[in-house]
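In the form predicted on its own, a lone chain appears below as structure tokens.
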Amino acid sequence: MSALDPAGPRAQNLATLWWIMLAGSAVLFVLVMGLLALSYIRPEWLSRLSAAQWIVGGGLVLPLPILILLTGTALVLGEQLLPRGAAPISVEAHAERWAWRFGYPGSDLTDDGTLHIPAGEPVDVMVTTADVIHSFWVPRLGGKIDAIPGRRNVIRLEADAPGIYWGICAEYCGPGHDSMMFRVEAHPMAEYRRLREGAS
């Protein structure tokens, strides 16, 4: 269920962002530790700098290029997560303490805790809740989105290949929160169509 083991293009964006953030924070850490080590090994070098030079150099010049790179990357990759246009397939995910029910066009909500989607196709998931705030998250397929009372939020998922992907409620919602899991089953398109035709 790791977000670092992506199985779809949107999850891949998030994993890439995570690794870039880790690399950026590692670079900053090494720079700061290098300065700290230098203050012990060669204190006379650092004593030549004035307080103003430390503030401008250490507080602005040192982290600014890395922070600009990280922020720009986050904006570009994050923007690609947003649903653009209408996905050919949309489904419903309805949260109610402490279970998820799923619905498809032309059918009622199901109680089996499994969301069926076609592999290789973007799917818009309309997320709603009957009671408190929950959060819909399938770590290997995409980001997460809150289920807020009175609202319908949309998240787009896509699985590269058929398989089973586990999802959870990512927002603490009460004593049953830890068991509020579900699974997403991605089928080949022909199998998905047969499944939906058989259910209607």
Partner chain sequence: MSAPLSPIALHKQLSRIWGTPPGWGRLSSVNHTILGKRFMLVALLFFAIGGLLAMLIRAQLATPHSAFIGPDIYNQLFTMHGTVMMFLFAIPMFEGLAIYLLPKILGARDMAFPRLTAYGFWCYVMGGSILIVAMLAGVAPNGGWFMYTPLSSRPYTPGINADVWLLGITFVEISAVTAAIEIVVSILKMRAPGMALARMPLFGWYMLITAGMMVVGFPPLILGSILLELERAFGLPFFDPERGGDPLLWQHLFWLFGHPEVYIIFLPAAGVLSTIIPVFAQRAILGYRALIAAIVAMGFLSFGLWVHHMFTVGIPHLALAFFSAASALVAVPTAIQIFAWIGTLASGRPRWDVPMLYVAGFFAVFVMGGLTGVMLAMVPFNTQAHDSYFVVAHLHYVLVGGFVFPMLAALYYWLPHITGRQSLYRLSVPAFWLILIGFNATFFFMHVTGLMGMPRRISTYPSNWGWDWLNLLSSVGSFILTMGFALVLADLVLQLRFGKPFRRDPWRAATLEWAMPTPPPHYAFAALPRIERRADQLRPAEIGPVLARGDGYLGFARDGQMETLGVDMVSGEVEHVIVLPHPTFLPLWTALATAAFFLALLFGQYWLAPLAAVVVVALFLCWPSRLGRTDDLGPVDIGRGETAPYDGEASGNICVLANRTALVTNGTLFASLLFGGLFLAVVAPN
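Numbering follows the first chain given and starts at 1. Every value quoted in this text rests on a predicted model; they were computed, and no experiment measured them. The term rigid core refers to the maximal set of C-alpha atoms that superpose within 1.5 Å between the two forms.
The form predicted in complex with its partner chain exists for this protein as well; it is not shown, and the discussion that follows is about that form.
Peer 1: Quick one: is G120 in contact with its partner chain in the predicted complex, heavy atoms, 4.5 Å cut-off?
Peer 2: Judged by the heavy-atom cut-off of 4.5 Å, G120 is well away from its partner chain in the predicted complex.
Peer 1: Should E79 be counted as a contact of its partner chain in the predicted complex, where contact means heavy atoms within 4.5 Å?
Peer 2: Yes - in the predicted complex, heavy atoms of E79 and its partner chain come within 4.5 Å of each other.
Peer 1: Decide whether H187 counts as a contact residue for its partner chain in the predicted complex under a heavy atom distance cut-off of 4.5 Å.
Peer 2: H187: no contact with its partner chain in the predicted complex.
Peer 1: Though only this chain appears here, would A3 touch its partner chain in the predicted complex if you measure heavy atom gaps against 4.5 Å?
Peer 2: Yes, contact at 4.5 Å.
Peer 1: Hey, which residues along 160-187 are within 4.5 angstroms of its partner chain in the predicted complex, non-hydrogen atoms only?
Peer 2: Contacting residues: W166, I168, C169, A170, E171, Y172, C173, G174, P175, H177, D178, M181.
Peer 1: Just checking, between the shown form and the other one and with the core aligned, does S39 shift 2 Å or more at the CA?
Peer 2: No, the C-alpha moves less than 2 Å.
Peer 1: Taking the rigid core as the reference frame, tell me whether I133 has a CA displacement of 2 angstroms or more between the shown form and the other one.
Peer 2: Where the cores coincide, I133 shows only a C-alpha shift between the shown form and the other one that is less than 2 Å.
Peer 1: Does I148 show a Cα shift reaching 2 Å between the shown form and the other one after rigid-core superposition?
Peer 2: No, its C-alpha moves less than 2 Å.
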